[in-house]
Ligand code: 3PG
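Coming up is one lone chain in C-alpha cells, specifically the form predicted alone.
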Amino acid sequence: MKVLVATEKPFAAVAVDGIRKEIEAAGHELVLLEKYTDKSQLLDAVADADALIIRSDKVTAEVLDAAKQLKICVRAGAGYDNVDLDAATAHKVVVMNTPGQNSNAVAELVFGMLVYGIRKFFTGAAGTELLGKKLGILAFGNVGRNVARIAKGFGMDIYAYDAFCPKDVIEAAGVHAVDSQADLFKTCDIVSLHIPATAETKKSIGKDLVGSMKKGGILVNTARKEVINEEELIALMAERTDLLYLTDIAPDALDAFKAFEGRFFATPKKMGAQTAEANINAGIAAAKQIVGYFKDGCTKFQVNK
C-alpha cells in the first residue's frame, strides 16, 4: 500500500523518521509531499495513494475525487474540521484523528498565554496571580483534563462542564462539575475553551455567556475560532473594558480585536500543538493507526460514518 504524508507544514524530521519506520516495517511504501504551495500538487500526489496522513491540510471533496485508491485518511491531531467527512463517507474513505497526542502541548499553551495576559503582557505594569482564581474548563476531554492537572499546580479552584462527560468522572478528577455552560461562565474568573467546531457550537460563545462573567473575566480559546461569535464579543469588549481575550487562533476580525490594546492577544499562527513532542506523538500515532487498519481493519478512532 502507498501511504502519502501530505503536509504544507511538515512534521519534524524525527517524526518523519518514526512514521517511515512504522509504515515500512509493515511492508508499505511511504511518500512525502512537504511544503506544497498549490492544491494541484496535492491533487496529483493523492491520485495513487491508498492512505493519507495530514496535519491542518484541507481534504475537500475535490481532493477525494482525485484520490481514486484512497481508503483511509488520518488527521495527525485532535481536530478534524479540515476534512470533508460527508464527502469522505461518500467515497468510502475512513477518516481518523489522533486524540490525546497534542493534549499536553495545548494545555501548557493555555497557561503560557494566561501568565502573559494577567501579568500585563510583560510590560512591567502590576498584574495579578492565578493562585486562588476560579478556572472554568468547557469540555473535559484530553486537553481539558491536562488543563485541570496543570491548574492544580497553580493552586486554582477548578470547575468544568461537559455535556458528554458524566459529573462523577469530572469530580473524580478533583474538579467541580457544574450543571451548564452558563453556570461555568457565571461562576469562574477564567474560562478556557476546549470544544470542537460543530453545528451546535459554532458562534456559541458570545455576549450572553461571556457577558455573564464577573469583573475582570478572562476568556482563553485554544479550540477553534469558529466557536466564537466575533461580532458579539467585539461589541461586548467595547462595552466592558474589564474583559481579557487570549487566543491562539487569530480571529477573522483581527483588526477589530487589536483595537482592544492590553485586553487582547492572539498568537501569530495556531500553535497549540507546535511542540516537538506533540509533533512526533501525533505523526507516529497516525502511522500506527494506518498500519492497524490495513492489518486487521481497526477503526477505533474513526470520526466519520
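The model shown is predicted, which means the values in this text are computed figures rather than measured ones. When you see a residue number, it is the position in the sequence shown, counting from 1.
Not pictured, yet referred to below: the form predicted together with 3-phosphoglyceric acid (3PG).
> What is the one choice in Gly127, Gly216, Gly79, Gly141 with a heavy atom within 4.5 Å of 3-phosphoglyceric acid (3PG) in the model of the complex?
None of the others qualify; the residue that does is Gly79.
> Taking 4.5 Å between heavy atoms as the contact cutoff, choose which of Thr60, Gln41, Ser56, Thr267 touches 3-phosphoglyceric acid (3PG) in the model of the complex.
Of the candidates Thr60, Gln41, Ser56, Thr267, Ser56 is the one lying within 4.5 Å of 3-phosphoglyceric acid (3PG) in the model of the complex.
> Are all three of Asn146, His176 and His194 close to 3-phosphoglyceric acid (3PG) in the model of the complex, meaning a heavy atom of each within 4.5 Å?
Not one of the three qualifies.
> Heavy atoms, 4.5 Å, 3-phosphoglyceric acid (3PG) in the model of the complex: which of 176 to 184, 230 to 238, 198 to 206, 68 to 76 makes the cut? Say which one.
Partner-contacting stretch among the options: 68 to 76.
> Is there a non-hydrogen atom of Lys295 within 4.5 angstroms of a non-hydrogen atom of 3-phosphoglyceric acid (3PG) in the model of the complex?
No.
> Report yes if any heavy atom of Asn221 sits within 4.5 Å of a heavy atom of 3-phosphoglyceric acid (3PG) in the model of the complex; otherwise report no.
Close contact is absent here: in the model of the complex, Asn221 is far from 3-phosphoglyceric acid (3PG), nothing within 4.5 Å, heavy atoms only.
> Should Ala273 be counted as a contact of 3-phosphoglyceric acid (3PG) in the model of the complex, where contact means heavy atoms within 4.5 Å?
So Ala273 counts as contacting 3-phosphoglyceric acid (3PG).
> Using the arrangement in the model of the complex, list in sequence order the residues of 91 to 128 with any heavy atom within 4.5 angstroms of 3-phosphoglyceric acid (3PG).
The stretch touches the partner through Asn102 alone.
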